[in-house]
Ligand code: F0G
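Shown here is one chain on its own, the form predicted on its own, set out as structure tokens.
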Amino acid sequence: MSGLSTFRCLACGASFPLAGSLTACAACGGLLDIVSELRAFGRTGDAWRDLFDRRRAAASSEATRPFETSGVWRFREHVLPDLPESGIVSKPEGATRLYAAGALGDELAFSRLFVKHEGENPTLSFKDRGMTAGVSWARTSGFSTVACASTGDTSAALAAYAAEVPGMRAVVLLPDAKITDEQLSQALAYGASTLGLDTDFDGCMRLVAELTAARPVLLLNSKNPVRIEGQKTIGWEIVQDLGWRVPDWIVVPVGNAGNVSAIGKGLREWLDLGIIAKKPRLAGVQAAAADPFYQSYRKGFSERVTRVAGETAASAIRIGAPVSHPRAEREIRFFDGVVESVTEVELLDAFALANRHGLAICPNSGVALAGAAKLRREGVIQKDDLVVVVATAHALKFAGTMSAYHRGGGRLANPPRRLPATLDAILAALDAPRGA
């Protein structure tokens, strides 16, 4: 089936054909959504659940094409129904694990805490879900160059997926010296034209918009609604992972606000189709050094707050003017959501605590976990609520941050110890109290 999707402006409601490089409303410049007529497939909610379960079961035994094992393209009719299967660029991505937090949940006073680990994607972050959609769309639309501004993870995903398409060039604009070496190395290794600019992420976003207006280059930041369509699948996978139970809460770190927007949009669509019958509540969490969305929420969204983002270990969400603010505000309102902010100490301790329990999550994910813990302490989240925290990237993208925390005397620090090369020294160290 084709011709099922259109662009629609969030601000003025204008509609446009789903074609080419349109990433903002041609009438008013507002953000765009993709609206798809999914009822045209004629399936009931039960029929959709059965189809998606059969695809997941077949992925390990019968799949012959990469996208058939993808947790994104498992839901392909609901992602980009107008995209031909022949155009899909997949590594594959998605199908990440949902971990029962166990002792970590007990320590934070949750009885039913889960972590959806998006760091298990091919480039170690959730960005792969959006980028498989974005690069697939670029390929089928005839673009030979794609570009993004990035705080690290988007650049890795853009470069990796563009590298799958012969002749496609990836261009990434980065705030110079403000992303981790591990993230930078990914963009370099995958062959992207990598440009470090003397500005912050918000400055990079302004410049990439100018670049894509000046040249036939497709913008693949989450401003592009095609990216949002791939990222919707995080929420869908969570529900399917839980045996089609809808959690009470989904807690997400917020930077450019694309992820909370995408998860909410996808769940609204499934409510409309009857695939799920219950709304979860959404919680978006920001680092205090970069919390414009939280400040807007505190004002009842009566104004859109922007700020100069300060230094934070959660560097991937160090953003002062979230592009997807209007989308995220809509989802927080619809899902009776909340927005919280956490300090550097809180986010780093949560980062260290999750890793201590064997969950290798990034500092940005630590923001979400710290926010969930704060909402639990304040009684917003109840002890027996079914809660899913979305971990957006893998700890190994932030090895320097992790090492600095443990060498720097954090509350959960576990620094290495230098000893003489003798058995007596080793035995003495092992017999000493922990932390001594």
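Model, not experiment: these values are computed from the prediction. All residue numbers are counted from 1 along the displayed sequence.
Below: the form predicted in complex with the ligand, not depicted.
When contacts are judged by a 4.5 Å heavy atom cut-off, Asp128 does not count as touching the ligand in the predicted bound form. At a distance threshold of 4.5 angstroms between non-hydrogen atoms, Val254 is in contact with the ligand in the predicted bound form.
Shown alone here, Asp153 lies within 4.5 Å of the ligand in the predicted bound form, counting heavy atoms only. For the chain shown alone, Asn259 is a contact residue for the ligand in the predicted bound form, at least one non-hydrogen atom being within 4.5 angstroms. A heavy atom within 4.5 Å of the ligand in the predicted bound form is found for exactly one of Ala149, Val342, Val72, Leu158: Ala149. Contact with the ligand in the predicted bound form, judged by any heavy atom within 4.5 Å, is made by just one of Val135, Leu113, Ile319, Ile250: Ile319. Residues placing heavy atoms within 4.5 Å of the ligand in the predicted bound form fall in a single listed stretch, namely 359-367, out of 359-367, 237-245, 79-87, 298-306. Contacts between stretch 390-408 and the ligand, counted in the predicted bound form as any heavy atom lying within 4.5 Å, involve Thr392, Ala393, listed in sequence order.
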